[in-house]
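Only one chain is shown below, in structure tokens, and it's the form predicted on its own.
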């Protein structure tokens, strides 16, 4: 059996540990492993190589992905999918593992419908917004990158009596912002999933400033589009000089955490187990309540990820809401 692996969409820490585990597990199982470079674009261009141990030696501690990634408009044209299929046939590759998000999984579902190429998707996105799984590869590392940044910014905030608005990634999902706000002691959290009561927060923070508070931290998700608004609010309503820091792409990088290295290996093992034992695979591997399972792509694509109600409840006070609101 020959199986290929590639990355698609945004990179994240944990991809390299997954690639290393894939190659090593394949050789243990007498499977021929293939690396597909540059994601879906590489699949079209035939940038495919049989993997050797030397290709993955020393990559487990590195962020990003050594086989690179891409986004591909070409892949949504059937002509280019046919080219990609022929490239796989030329190498004798029968099945695929893709590290990516739901957009990547949808692309592979179309590929499966066209040519019957089995695949398993491993959820890999720092936004942690894929339906059906509690955890996506790379999230723990991203949260630790954010935590370090907030801790460092707090030093300056305290030194200058300033409010800092720190924007995390998360276009439609506020998971990173919410968890970071809760674990870093922020005073304000702004995410798409929670209404924002600035009047309540104003009353609370003004009282704290009167009682001696000299600085404040607000965490916003990029999808809220509220960073500059909160900056102005701090200055005009709370009376604190304010700055905005947008963390941007540093959140995708960094050495993979122990947790991301371990779950990357677990994802790969379960994916290979499925590909070895079953056919007609067009599924995403998910983890729910500490257990691994598989969901078909249609279910994953049509579902909408929701942050756990328990986390949202804890975040309400940081959005100016009472528990009963």
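Numbering follows the first chain given and starts at 1. In this text, all values refer to a predicted model and were calculated from it rather than measured experimentally.
Just so it is clear, the following notes concern the form predicted in complex with a small molecule, a form of the same protein that is not shown.
The partner is not drawn, yet in the predicted complex one stretch among 164-172, 233-241, 190-198, 111-119 has residues with heavy atoms inside 4.5 Å of the small molecule: 164-172. Contact with the small molecule in the predicted complex, judged by any heavy atom within 4.5 Å, is made by just one of 206, 249, 79, 147: 249.
Proximity to the small molecule in the predicted complex, defined as a heavy atom within 4.5 Å, singles out one entry of 218, 98, 221, 126, which is 126. Heavy atoms of residue 106 never reach within 4.5 Å of the small molecule in the predicted complex, leaving it off the interface. The shortest heavy atom separation between residue 85 and the small molecule in the predicted complex exceeds 4.5 Å.
Interface residue remark: residue 74 is not counted as part of the site for the small molecule in the predicted complex, having no heavy atom within 4.5 Å.
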